[in-house]
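The chain that follows stands alone, in the form predicted on its own, written as structure tokens.
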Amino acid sequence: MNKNFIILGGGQAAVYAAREIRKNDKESNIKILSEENFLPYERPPLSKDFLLNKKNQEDLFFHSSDVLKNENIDFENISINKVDFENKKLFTKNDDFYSYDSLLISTGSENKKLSLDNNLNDDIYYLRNLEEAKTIKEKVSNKNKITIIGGGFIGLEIASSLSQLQKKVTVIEIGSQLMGRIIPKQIADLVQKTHIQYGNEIILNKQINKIIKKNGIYEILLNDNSLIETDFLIAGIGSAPSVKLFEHTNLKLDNGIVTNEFCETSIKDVYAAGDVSNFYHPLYERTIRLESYQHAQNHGICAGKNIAGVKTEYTSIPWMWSDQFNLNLQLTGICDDYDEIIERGNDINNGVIYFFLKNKNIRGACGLGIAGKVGRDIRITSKLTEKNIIVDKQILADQNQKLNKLIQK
């Protein structure tokens, strides 16, 4: 009898998992259930090329509906509001249900929201999905002064895009540097300097005390009593895994759905992949939750293999990027567990990379440069991390020496 495989969530991890299941299982039923009205699409361009009108909606889709039909993968726009793991059923609000033999949860993550006490919550805009990106794109067309609350990756990418659309942009960050503690301060400072050079105002170490709306203009009062006037408010203050549906079930949750290296959850025949999963990584010997394009793809593929019966360990080295103005920032591995930092280069025109070492092995690296300058070295660094190679620190630090020497040794 053919099995029923259901994938809950319709993003990148979902579509890559579905196609991988189909590669290994030609007969079973595969169904993707998504709350969004769109086929699975790329999210990274939403804050960049989509806002800048370099890509339109049709350019974002991973595959056409014909591709999914040809591979006999069903895609339904439906909201699930109850899960019965014991009887392997998913229920809609009308008490219709879907039965599964194996379930993949790829519900992704959701924006953390600002909480304002003066009924202005609906005046704050967020960007995580296509509908939100379309709304922001439309609303900012006739706005001039825009304030972004939060100096993380998404806030800075939006700031870069809107600045290129000739908007006056202010970024307010509660912390002492941009992009949080995971990015070396030296690199965060270089990014900040670039934003300022392009006309963006960056405000660090400040909290918002109050936001008041007067005649369509917003007054933002900061904790140093300074005042900012703005036409439009966007917040990017982090995200949380989308696990509300599972909070009163037996599914083990801890900063997402806890999974092992095979994408298996605490419940038999239930898997999780992508942003929603707090997965065990054998190399780092710890659980990690990631929100990145490459991880969603690779984790989905790994989940698909395991669901189809091809036992596969997830060992991909984390990698992510951010494009802001003419800068490309790349991050590989993990940069919060190290005993030494090695710097390579000191000029973003040629690329700057910081390597995070533990016991002479690279645990992670963060690089910044004019587009194209750090990509090759970051790729090589991922291989060095994966192979657990003890590295020569002099070669790491010398930009005149090629990193692939370290692989060949």
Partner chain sequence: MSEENWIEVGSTDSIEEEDLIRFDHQDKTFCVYRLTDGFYATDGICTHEAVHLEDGLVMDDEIECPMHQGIFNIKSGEALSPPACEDLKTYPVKVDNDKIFIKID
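Please read all numbers here as calculations on a predicted model, not as lab measurements. Numbering follows the first chain given and starts at 1.
Beyond what is shown, the protein has a form predicted together with the partner chain; the following relates to that form.
Proximity to the partner chain in the predicted bound form holds for none of Asn121, Thr170 and Lys213, with the criterion being a heavy atom within 4.5 Å. Contact with the partner chain in the predicted bound form, defined as any heavy atom within 4.5 Å, is confined among 179-187, 315-323, 274-282, 100-108 to 315-323. The single contact residue among Gln297, Ser239, Thr194, Ser163, judged by any heavy atom lying within 4.5 Å of the partner chain in the predicted bound form, is Gln297. Interface residue remark: Arg379 is counted as part of the site for the partner chain in the predicted bound form, having a heavy atom within 4.5 Å. Though the partner is left out of this view, Asn2 does not reach within 4.5 Å of the partner chain in the predicted bound form, counting heavy atoms only. Although the partner is absent from this view, Asn328 contacts the partner chain in the predicted bound form, with a non-hydrogen atom inside 4.5 angstroms. The partner chain in the predicted bound form is not approached by Tyr198, whose heavy atoms all lie more than 4.5 angstroms from it.
Scanning 357-395 for heavy atoms within 4.5 Å of the partner chain in the predicted bound form gives Ala371, Gly372, Lys373, Gly375, Arg376, Arg379, Ile380, Lys383 in sequence order.
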